[in-house]
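Given next, in structure tokens, is a single chain: the form predicted on its own.
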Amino acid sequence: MSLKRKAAAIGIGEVRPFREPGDETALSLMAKVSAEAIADAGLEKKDIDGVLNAVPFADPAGFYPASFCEMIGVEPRMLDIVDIGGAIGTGMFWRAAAAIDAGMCRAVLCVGGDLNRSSGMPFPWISLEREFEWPYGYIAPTLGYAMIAQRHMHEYGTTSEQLAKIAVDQRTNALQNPLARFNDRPLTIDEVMNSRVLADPLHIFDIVSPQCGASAFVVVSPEIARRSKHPPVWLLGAGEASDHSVISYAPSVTTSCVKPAAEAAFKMAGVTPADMDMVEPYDCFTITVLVTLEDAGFCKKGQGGPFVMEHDLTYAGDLPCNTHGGQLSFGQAGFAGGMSHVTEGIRQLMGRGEGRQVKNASLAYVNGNGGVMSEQCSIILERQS
């Protein structure tokens, strides 16, 4: 099966991440960005006949899609939850395209939002983490990513300076993004290197800062896309993979299942990493970006460190990477964090990047990552001239 050019995104909505929720709820944020995305697409609520939700940490309720649809006033013929962590955004895009191609619906609202706090309810995880990792001190994803970084350094000679370069270039992108949470001052490699170490070898600037926020995009059939007021952004290829949940059970700590996901996406699209005008890889940590670039085929395994030093990852560089600032500088809103990579890819390919617009952009690689490199979904997006 191929989803190549079977559906396109024509509208986006996004709020600027913020720290304190006040009276906001995850639902209220999702309602705001949904209205914005539908209007941006030039559609009305009655046109939306499919809805894909991400269930937030802050509100893990049951019957979520139906409750959300009732709240915003849409009556879908297809609705579902996508639950693959930070891969939710990319996963939503291809699922929306598949539903459209199957004739289930014609216009799908994809939306996620979250607050900078949980509901206070215990996570309903039934996994090896709870039994075999948490009792021994492994109690946060940061520790898993620190293990990945430490092992990558041991195997390939990767350095903290190379990881810092990723954070610095993405901050440069954020400075040109009015929606970015951290867009008030530049960052230097020395600042990253001298910042507090939270989990050796990761410094505070190597790690995302949890925020409140929400993002949405609308995916439609080719018939609707061709009369859109914005240039349609077509799904060209998609791939998804998982090979573990708990990092201690991963087949490899340094090679991820980004590899099969990206290979499937590029094969469906009929293009290669060298054809990409930009990359929008999930970046909960700097090491995540480096491993993704390797496993997606932009450089050889183990060469990610030298690769990021040799290339300009800013929006004006030779390999624009996370042009909105990435979650490191844009902000991470829980499970909705990965949505921003998709909305930014769409925005750039529509030519709406304003001060950070990538010149002549027509192809983008976007990757979502759930858990500790556990769930991966890669998509290739295209603006047709």
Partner chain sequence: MSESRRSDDRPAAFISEYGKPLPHPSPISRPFWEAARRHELTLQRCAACGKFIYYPRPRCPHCFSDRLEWKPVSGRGTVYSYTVARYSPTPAFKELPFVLAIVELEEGPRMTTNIVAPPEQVRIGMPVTVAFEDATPECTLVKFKPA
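Residue numbers count along the first chain shown, from 1. What you see is a predicted model; the values in this text were computed from it and never measured.
This protein has a second form, the form predicted in complex with the partner chain, left out of what is shown; the following refers to that one.
message: My question is simply whether Y282 lines the interface with the partner chain in the model of the complex - judged by any non-hydrogen atom within 4.5 Å.
response: Within the cut-off, so yes.
task: Tell me, yes or no, whether E240 is in contact with the partner chain in the model of the complex, where a contact means a heavy atom of each within 4.5 Å.
output: Judged by the heavy-atom cut-off of 4.5 Å, E240 is well away from the partner chain in the model of the complex.
message: Test of understanding: in the model of the complex, would D83 fall inside 4.5 Å of the partner chain by heavy atoms?
response: Answer no; every heavy atom of D83 is more than 4.5 Å from the partner chain in the model of the complex.
Residue contact check: M193 to the partner chain in the model of the complex, 4.5 Å heavy atom: Residue-level check for M193: no, no contact with the partner chain.
In the model of the complex, segment of 197 to 205, 95 to 103, 159 to 167, 291 to 299 with a heavy atom within 4.5 Å of the partner chain: Of the options, only 197 to 205 has residues within 4.5 Å of the partner.
- request: Please state whether all three residues P135, H154 and A250 have a non-hydrogen atom within 4.5 angstroms of the partner chain in the model of the complex.
  value: So, yes: the whole triplet contacts the partner chain.
task: Let me know the one among M71, V271, M309, L143 whose heavy atoms come within 4.5 Å of the partner chain in the model of the complex, would you?
output: Comparing distances to the partner chain in the model of the complex, the residue within 4.5 Å is L143.
task: Consider the chain as shown here, without its partner, and state which of V258, V111, L115, L236 has a heavy atom within 4.5 Å of the partner chain in the model of the complex.
output: The residue from V258, V111, L115, L236 that makes the contact is L115.
task: Enumerate the residues of 358 to 376 that have a non-hydrogen atom within 4.5 Å of the partner chain in the model of the complex, in sequence order, or give none.
output: Read in sequence order, the lone residue that approaches the partner chain (within 4.5 Å, in the model of the complex) is G371.
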